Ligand SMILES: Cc1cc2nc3c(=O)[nH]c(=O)nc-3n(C[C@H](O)[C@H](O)[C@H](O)COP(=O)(O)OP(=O)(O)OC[C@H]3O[C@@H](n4cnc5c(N)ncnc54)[C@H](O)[C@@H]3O)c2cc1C
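Single chain ahead, written as structure tokens, the form predicted on its own.
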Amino acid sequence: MLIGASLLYDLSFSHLNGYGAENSTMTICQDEPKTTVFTHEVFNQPTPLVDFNLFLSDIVLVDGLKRHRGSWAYERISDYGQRMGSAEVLEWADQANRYTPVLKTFDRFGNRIDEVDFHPAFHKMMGLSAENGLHNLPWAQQQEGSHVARAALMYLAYQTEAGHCCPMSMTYSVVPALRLQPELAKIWEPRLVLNGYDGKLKPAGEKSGVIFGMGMTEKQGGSDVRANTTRAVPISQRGPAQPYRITGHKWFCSAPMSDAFLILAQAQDGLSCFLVPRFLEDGTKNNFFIQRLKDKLGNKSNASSEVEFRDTIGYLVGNEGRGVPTIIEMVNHTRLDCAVGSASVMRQATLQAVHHCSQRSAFGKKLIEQELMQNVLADLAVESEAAALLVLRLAESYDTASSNEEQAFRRIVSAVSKFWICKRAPQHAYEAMECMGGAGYVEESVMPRLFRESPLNSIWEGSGNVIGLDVLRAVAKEEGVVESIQAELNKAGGSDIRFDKYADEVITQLQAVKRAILNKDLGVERTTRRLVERMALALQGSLVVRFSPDSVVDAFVSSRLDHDHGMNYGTLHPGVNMSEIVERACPLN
């Protein structure tokens, strides 16, 4: 049928039952563009999860800060939590990951420059976090609870944008290693405690604050750093704080835009640790050549690189041949942040899932009201709470490590937490994504970024087998490690008979493993992963039964310790008060 120029047709939409108002009409005119065609209205969709306080909406974090003596930083953390949950900063996070770093090896005249170009949003994230002390708080304000306060800040930052947390973490972690060499610490620590940020490539002395990176891994060695081939030769005399010429490569060098790096290289007496600045003290650029940036699965906003050293100047930290014990001081602190970061991914994934399900309806009622979905959400919330409790307790041990028991606790629990929490994050992120259906799978939601981020911390700073062997070594050879675990578990003794039984089994197993290793029974390695899992669950259980409400205790103990849990999330026993757990996890709705 032909439509004349002036002929109009009125089409009734009353049959659409909810997609349009009854008796509404649509007019079609041949001479007008069809941009006003009415097809549907948007409904049954959640509101954006923006402009809320990430800190104040997190009961577990707020209570944990008070419990672990970080209340003095409450206002700072609350203000930071409000910024991290703001629409503006969430937009920065999206932009920083959507427009990834670009390597500029040469300028337009052919001069070698080795610069990394970031989207302005990344620099804004870095500036905001540096202003709040994510890179230096325990060193700039050395008071009780400072590591806990700083862990809380990192926990908030990681939820919003994980990539910029990597240079923040390495800068925070470098100080204990630097202090092993007072001459270098005297130069660099005053720069590290400044809260400014300057992303330009220029001498550190001209900046309002500095950032540190790290380079250990080489192509042929991976985690086996003693296979490194990078060489270091003294310029004049050998020894701590002396300059060496370094030649070699690094397969992974994190945050290559940093002002200085700790790296490992072979000196005359073996593998050694060196501080390599981007600029020398006379203001000239050091020989630091970025070969390419890594195209990673996640952590897209942060640059990771391959670099080469050609007669690069580096200053020896500690003694020759003591590179691993020296840099391990840095690694231990970054392992704390790996656990904090993965716990943070769980928290944000839980928030996103609960928020979506509280506003989305299907089959006649809200998703959050449907028992099977409620089981999944409650299970996710329990996992997130247990992870948060453990990382805050671990951070406290960094504040109180002056006692021998706390030193032993920190040593073993840094590894155990890093192993377990980081391995739990990917399945947790996936399950939260599935709660949101197709909406969670599109890039405009935060879930794909969280999911890509979730495996990272389990790989960085020692993958599962490396961490497991480290736990075995600590159990067998380091004084007070087993006793520190037993003392921690004893604090919850008598609270729940199921927990008591599980804790006793773990201590018995630890003691048996220690005897086996001392008797050179290497077959014990085969059971390492299960041992570390059980240690982590016992530690989480001891905190849950002491500090969580009865609903969370019942869910955690029955599902994690009493062997009543399926392979997937959403298999809590029907007697658990799931609605209370979900409300506790996301009081925003």
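The structure displayed is predicted, hence computed values, not measured ones. Residue numbers here begin at 1 and follow the sequence given.
There is another form of the same protein, the form predicted in complex with this ligand; it is not shown, and what comes next is about it.
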Among the candidates Phe451, Tyr315, Trp460, Tyr197, the residue which, in the model of the complex, approaches this ligand to within 4.5 Å (heavy atoms): Trp460
Interface check vs this ligand in the model of the complex: of Pro325, Pro243, Gly480, Gly222, the one with a heavy atom inside 4.5 Å is Gly222
Is there a non-hydrogen atom of Gln141 within 4.5 angstroms of a non-hydrogen atom of this ligand in the model of the complex? no
So in the model of the complex, is this ligand close enough to Phe252 to count as touching (4.5 Å, heavy atoms)? yes
Evaluate Gly493 for contact with this ligand in the model of the complex, applying a 4.5 angstroms cut-off between non-hydrogen atoms, and reply yes or no. no
Partner proximity in the model of the complex: Gly464 to this ligand, non-hydrogen atom cutoff 4.5 Å: yes
Choose one stretch from 122-130, 505-513, 77-85, 464-472: the one whose residues place a heavy atom within 4.5 angstroms of this ligand in the model of the complex. 464-472
Could you list which residues of 285-323 come within 4.5 Å of this ligand in the model of the complex, counting heavy atoms only? Lys296, Ser304
